[in-house]
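Take a look at this one chain, the form predicted alone, written out in structure tokens.
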Amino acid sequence: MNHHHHKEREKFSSQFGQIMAMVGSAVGLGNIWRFSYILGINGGGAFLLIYILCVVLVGIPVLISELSVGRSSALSSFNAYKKLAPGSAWILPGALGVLGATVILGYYPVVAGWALGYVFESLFNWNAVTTNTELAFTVFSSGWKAWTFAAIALLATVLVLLRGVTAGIEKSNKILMPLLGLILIVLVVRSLTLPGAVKGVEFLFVPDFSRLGINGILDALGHSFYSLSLGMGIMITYASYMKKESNLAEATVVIVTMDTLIALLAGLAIFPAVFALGLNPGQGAGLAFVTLPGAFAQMPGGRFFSALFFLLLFIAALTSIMSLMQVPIAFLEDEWKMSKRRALLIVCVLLFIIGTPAVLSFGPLADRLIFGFTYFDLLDKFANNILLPVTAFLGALFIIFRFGLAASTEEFLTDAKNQRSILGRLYPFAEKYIVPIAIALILLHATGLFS
């Protein structure tokens, strides 16, 4: 007789709170830091168009399938698969999801720490930062400050997670997500009112397909997973805290709309400023930390807008670290029957171990390359180009061949009016045909077999 199961699984208290938590997970560094720099590298408007197409045809069906698996099993990613397909190899996507979340957690707090650190650098060390933005970032990211702020980001998350799903995750997202929206709108207004800002708007919205190669298309596809937190077991785990009567169709539409809208707003906050001030949009990963402080320095009140921008980036990162950490924690709670406290402690110690070399990748370990990548880049590439797509691919096969498209669709469409909706019709088709083919292309490209 198993005595662990009389404790009822915690559920989100309201549809709004639960959707905010999922939006908080989906809206992260992916929308602001990563989206802006890969859009910049891939030449703007055409990339945006392909990205939105990927979100609709691949992102939405994968999100729906993960929500249906999580809610129908009421378990976190690994155990959801274990329950729905006992004693089979189908636990693999569940296990890979937990691994993916853990790998991303190796470097996510590092970038969150940069953001938090830059809030203070903007307020108290502005002249040093803007005299030479590139040097300032190199010094900051390679020193003790970077590690300290990464640790603070991690510990801040732990304090929230200790309070549980409703009092911790749900409550903090209810406050932080509207705050993030507010800050973003202030920054967009500032950026759009700069003289010459229209060039940035054109860059973002006027597609020029000559700038987009096959790499850009696959970047867009890969980024749609990253941005919506797919293939990391997050949406399965969060859905396991959803009440049975919650509306998955509504949740899907809101999550995807908010996620895409915030990426667009981030683009509108960043690119008009970059173009108005004559900077390079294709700067790469340093766009937010090197180019933007330089842009802010040239505008009145720049120090204040800079602090605001990095606060926004930190909030976005924080709400995503929460959801990422909930994956290994829920795994330890569900699988090893651990208390939340002990699970948190174990995950935290593990993350300090795998995260420290990620911080050091910008200092002492900068020249230690593994397969030609720094440790930091290796974590990012391994997660984004391999773990996430493989997990989503196996998840799609699981839905098609084991769980059943019909069962998944039924779990998703609780009431009849949703069945006739576009989503109700798009889902089974896209999940069966578009998703596996699209992901197979990402994987072939990532392994270099298709370039």
Ligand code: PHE
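Note that the structure is predicted; figures quoted are calculated from it, not measured. Throughout, we count residues from 1 along the sequence that is shown.
A second form of this protein, the form predicted together with the named molecule, is not displayed here; the remarks below concern that form.
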Margin query: Within 4.5 Å, heavy atoms only: does Phe275 come near the named molecule in the predicted complex?
Written below: no
Check: Quick one: is Leu29 in contact with the named molecule in the predicted complex, heavy atoms, 4.5 Å cut-off?
Finding: yes
Next item on the list: Would you please decide whether Ile270 lies within 4.5 angstroms of the named molecule in the predicted complex, comparing each non-hydrogen atom pair?
Entry: no
Notebook entry, point to check: For Tyr375, is any heavy atom within 4.5 Å of the named molecule in the predicted complex, or not?
Noted result: no
Check: Among Tyr81, Tyr108, Phe309, Trp114, which has any heavy atom within 4.5 Å of the named molecule in the predicted complex?
Finding: Tyr108
Check: Only one of Ile169, Ala266, Leu292, Met232 has a non-hydrogen atom within 4.5 angstroms of the named molecule in the predicted complex; which is it?
Finding: Met232
Check: Of these, 183-191, 212-220, 319-327, 196-204, which stretch puts a heavy atom within 4.5 angstroms of the named molecule in the predicted complex?
Finding: 319-327
Check: So, Ile60, Thr252 and Thr409: all three within 4.5 Å of the named molecule in the predicted complex by heavy atoms, or not?
Finding: no
